[in-house]
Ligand SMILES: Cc1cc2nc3c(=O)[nH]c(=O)nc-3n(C[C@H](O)[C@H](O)[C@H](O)COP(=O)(O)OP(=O)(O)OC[C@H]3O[C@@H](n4cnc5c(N)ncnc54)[C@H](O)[C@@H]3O)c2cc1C
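In structure tokens, the next block holds one chain alone, the form predicted on its own.
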């Protein structure tokens, strides 16, 4: 690697290349349970041209490359399973354009959720983008690439990958391509009506190329927001509650929470329903319509809306929801695995039951919930396992719970989200052979030397 390191320094500058043991240690792992692997080098490019030069070098020398955004994927997708170069995109953090009239932003591949949020609040206060429930350092491109979701996914069209208006990517052979309207005219306003090739870089776990620029939809930011909290003692009625409330089209966001923490939530699933408006009259109308849609249930006195004091509303209205992320450190041991599952809303009771059984069987601490996607078209169900890295037995039991959760998801008729390598194998074993063959043909065409994040989406 000595000669390669020198060439990397020539490309990006000595300051932005490292092969020191302490930095290789940091980049060898994430907060989850997957086995660490040291990279041979860490590189921080500052432009698309530098990314291209690094990729051309890696392709020539057949050195693996692993792209990384905020490093918060939790399931090992940025761990260099076969060594090589970790390409940390954080230096590419420029906001290139915000188009207020057509409501989109164009950002580089390392721009974080928090940076775009702060920029919009300061310079374009009438606009916002959909935020995932992740720390602010999570990147726009990284979240989009794994089909992430956020606080506008229920009301504004679904997964964040569906909010992409265009992208620029560097192929594994070093060529840069633009996809969407930006490939033909200056604007980044739409992927239609051209052939939609953006999917070649969404959901592929970094095995087809590196996103260097991305266009993302923005949305109007209403002046007011409120939260409704619906509590029930039974998960069985949650799918129908969700169906009725999404049918009103009055809610901006809807999250189900089934959590052992805080103590007052144990055994009582709740729906957090966010409502936005531009006037008191509009807010009253929307809240009234939502309440009327579930009158059948709260008239029975077995479930109903909770009165929420102002200090609690501020906790529930945050984007991202800070209380959800606080669970990550409930064991005070520095370990957290977030097992996502994309599945139909009607599978919610079964997913809750399976999750509770798995947590009890393996004696692990588990929080569960679901974000409704696209007015109830599906949901992102999550099992969050916090563990103590200083407790080997706790880690081993958490790993078994993770494996069983992935299998239970597939048995229920869902698909594990941002699955780690063993979870990917579970998916591939269920996948149609023709689909696997098509994926392999696409990868071999784009990446003939197999340098992009090897170890992911590899059928065995």
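Positions refer to the first chain, counted from 1. From a predicted model like this one, the values you see are computed outputs, not experimental measurements.
Here the subject shifts to the form predicted in complex with the named molecule, a form of this protein not shown in this document.
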With the partner left out here, if you bring back the named molecule in the model of the complex, are 74, 132 and 206 all within 4.5 Å of it by some heavy atom? yes
Which residue among 45, 39, 69, 416 has a heavy atom within 4.5 angstroms of the named molecule in the model of the complex? 69
Which residue among 85, 242, 351, 89 has a heavy atom within 4.5 angstroms of the named molecule in the model of the complex? 89
Contact test in the model of the complex: residue 172 vs the named molecule, heavy atoms, 4.5 Å: no
Does any heavy atom of residue 138 come within 4.5 Å of a heavy atom of the named molecule in the model of the complex? yes
Given that the partner is absent here, does residue 154 sit within 4.5 Å of the named molecule in the model of the complex, heavy atoms only? no
Though only this chain appears here, would residue 143 touch the named molecule in the model of the complex if you measure heavy atom gaps against 4.5 Å? yes
Just to confirm the contact call: exactly one of 233 to 241, 288 to 296, 358 to 366, 207 to 215 touches the named molecule in the model of the complex at a 4.5 Å heavy atom cutoff, so which is it? 207 to 215
Using a 4.5 Å cut-off on heavy atoms, what residues in 290 to 312 are near the named molecule in the model of the complex? none
